[in-house]
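Next comes just one chain, in structure tokens: the form predicted alone.
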């Protein structure tokens, strides 16, 4: 999965709501700022209409998502959804034992983690992790330079292995490698890099197996480790959550970017040939950011898309993910400033600067419960350079809420589309019992309004009775430990009595 922005960080990256400096206060949350005193201009009224997500729209999106999933499973290029095979057939069960490592490369830092597993009785005995910043010059260097640096960081981390960790006799250390760049997976422990994204432009890697690149770097250092699983962060999140609860069937990342994966029956994948799964299932990475069927779009979405580095692509991501929500709002406010003089006669240059307003700014503004919306005014001045009165601030929060509501509700409809497809294939598999959707990413974690709108859409679409069986659960930083658990589940020693 890739986040489609020139300098965007990893998909799950999204920081806490920024609040303007001021006296310490006890945080209070509210769902929306609504007031009869808000004068809804024709532009706001049209925005409400264009962004509306009533039940029929949500139902169409869910149905279209399910249909596109089927088409993507039928043949390569069969739909906008790539429906990438992860080749992860063995998910963690809780019985795994031993010492396992994880390496997570998805942005300008990489994380290393180790975990000691004690089987069903002891589960996770100990964990340790470290984070290493990647020097900017290596992001534009050679493949050998980058992977040598990563292997060196891994080696230094391995050298600090303390007494809490022990490697069973006769085994070597195994790694789960989370690699969140576009990859064509060829097996559970190999994948060909399609292209670098997120500000990386490393020569000599495209078209090569990234696991082989890492293994060669480790060999050059004399580091005796083996990569036993290559996954993206969404698959890692599913595995991390599944370790604790075998009702987990779907994982969704909602951060700067977005993706979803789920457990699929191998016999429901026509494009999969000559692949035998011992479990009869595998994980499919939907790459749902590319979905575009029937979405309620505005002129602001179309203008933002046209100005992006990938026009016409990743439309669902551009509608629901943290990278873009703030930019859509900025474009709305700019037009209101130009046509309605929302902020007075002058238009600050900052307001006309793409991505000047971030989604954390929207989040912070929507948490302002003061009578004069002082935080809203401070954030608008700091981020966009605008002076605002109370009436303008109320309109700004109304615009934020409209865009965020659409994003959260569409994300909820996408989740229902995945569940619907799974249920249609196996009646009662999903809706007849408890089913868990594991969520990760800062947008979902830190934006209470977005989270509420997503959950409301799921309940509206499924109805109260079925929705009671669908548990939407936050799985914080699950992808890191998930990769280590997948290394354990796919270990070449898994049948040994350790």
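Positions refer to the first chain, counted from 1. Here, rigid core means the biggest group of C-alpha atoms that superpose within 1.5 Å across both forms. The structure presented is a predicted model; accordingly, all values stated were derived computationally and were not measured.
Another form, the form predicted in complex with ligand BGC, is not on view; read the next lines as being about it.
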Report task. Classify as open or blocked. Procedure: superimpose site C-alphas, place ligand BGC with its pose in the predicted complex, test each ligand atom against backbone and C-beta atoms at 2.4 Å; 3 or more hits mean blocked. Result -> blocked
Requested in this report: Spell out, yes or no, whether the shortest heavy atom distance between residue 343 and ligand BGC in the predicted complex is within 4.5 Å.
Outcome: no
Query raised in the report: Would residue 180 show up as a contact with ligand BGC in the predicted complex if we use heavy atoms at 4.5 Å?
Result: yes
Query raised in the report: Does any heavy atom of residue 366 come within 4.5 Å of a heavy atom of ligand BGC in the predicted complex?
Result: no
Query raised in the report: in the predicted complex, does residue 198 have a heavy atom within 4.5 Å of ligand BGC?
Result: yes
Report summary line: The stretch from 208-216, 313-321, 126-134, 394-402 that lies within 4.5 Å of ligand BGC in the predicted complex, judged by heavy atoms, is 313-321
Query raised in the report: Within 4.5 Å of ligand BGC in the predicted complex, heavy atoms considered, which of 361, 264, 174, 287?
Result: 287
Query raised in the report: If you look in the predicted complex, which residues in 247-265 sit within 4.5 Å of ligand BGC (heavy atoms)?
Result: 253, 257, 258, 259
Query - Residue shift check between the shown form and the other one, rigid core fit, residue 198 Cα at least 2 Å - result: yes
Query raised in the report: Relative to the superposed rigid core, does the CA atom of residue 391 travel 2 Å or more between the shown form and the other one?
Result: no
